[in-house]
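Next comes just one chain, in structure tokens: the form predicted on its own.
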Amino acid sequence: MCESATDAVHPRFFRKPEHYVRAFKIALIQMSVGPDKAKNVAAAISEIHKAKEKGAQLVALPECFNSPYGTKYFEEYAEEVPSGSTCRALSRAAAEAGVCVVGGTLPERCGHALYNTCTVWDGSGALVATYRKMHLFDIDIPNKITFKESEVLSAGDQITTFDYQGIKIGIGICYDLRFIEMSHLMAKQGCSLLIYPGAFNMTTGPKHWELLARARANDEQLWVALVSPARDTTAGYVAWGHTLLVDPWATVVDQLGEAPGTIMADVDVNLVEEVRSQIPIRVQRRTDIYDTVHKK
């Protein structure tokens, strides 16, 4: 009998061990961000500790949590990873609180290049993952918004995942959310949760923020978290806000509005297995005809 060509299935989904329980409490922090870098970082550290007090085991911050979002700010606020002051503060907070911290994003300087970078720190304060935004936000919507990150930023070239207590988690940043190939590759690598620090604007936010989060959750049958800064109507770039968490059935578990706040929720990986076993698209894809491949 010939074997059919299908996606590789992560070993976790072949058999569910007896007494299998895979769940953790996540905190998604929608915080205000202003021009004072030190104040922004201090606020983020405070929120990490508050989330820990509420039982969070993994805390995620928004895109550009230590600086205003905008091409004119990236050079001024940029720092090296992991030696910069923001990274040192995140490492210390993760260790003191004993939580995993997905450090939103910060403008990273590496030589002459600037990146929009997410760092991930474990409960001992060790750096376990670094992701540089791969798809730069270059758009032009007439009479609405024109923005070109590539004028200042360089693009990353590595898909990034990390393991948290035996659960694989993938990282994307904002505009990356629109590219299904990226999320599919992370799912193929065994991810049960994708986290996107992001700052959609007042044009694309109402149209696509929730839509894309639910689409990625539905397409890949996993959890999706989008973490935005709070809305500041006085800023040069006004973020949509609406931080949200979507489950593998593509149901919005919780969503904030425009103001600062925190989502606290349980992420149950058993639900990933439930959906994938009941709607087994992974073994039904016609990879003899089409496929998504990772070019290393």
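The numbering used is simple: start at 1 and walk along the sequence shown. The structure presented is a predicted model; accordingly, all values stated were derived computationally and were not measured.
Absent from the display: the form predicted together with a small molecule. The rest refers to it.
Which one of these stretches, 104-112, 173-181, 119-127, 85-93, sits within 4.5 Å of the small molecule in the model of the complex when only heavy atoms are counted? Of the options given, it is 173-181.
Does residue 154 reach the small molecule in the model of the complex, with heavy atoms at most 4.5 Å apart? Residue-level check for residue 154: no, no contact with the small molecule.
Report whether the minimum heavy atom distance between residue 216 and the small molecule in the model of the complex is within 4.5 Å. No, no contact at 4.5 Å.
Is residue 225 one of the residues lying within 4.5 Å of the small molecule in the model of the complex, judged by heavy atom distances? Flag for residue 225 set to no.
Please tell me whether any heavy atom belonging to residue 100 falls inside 4.5 Å of a heavy atom of the small molecule, as the geometry stands in the model of the complex. Judged by the heavy-atom cut-off of 4.5 Å, residue 100 is well away from the small molecule in the model of the complex.
Taking 4.5 Å between heavy atoms as the contact cutoff, choose which of 196, 74, 131, 137 touches the small molecule in the model of the complex. Exactly one residue meets the criterion: 137.
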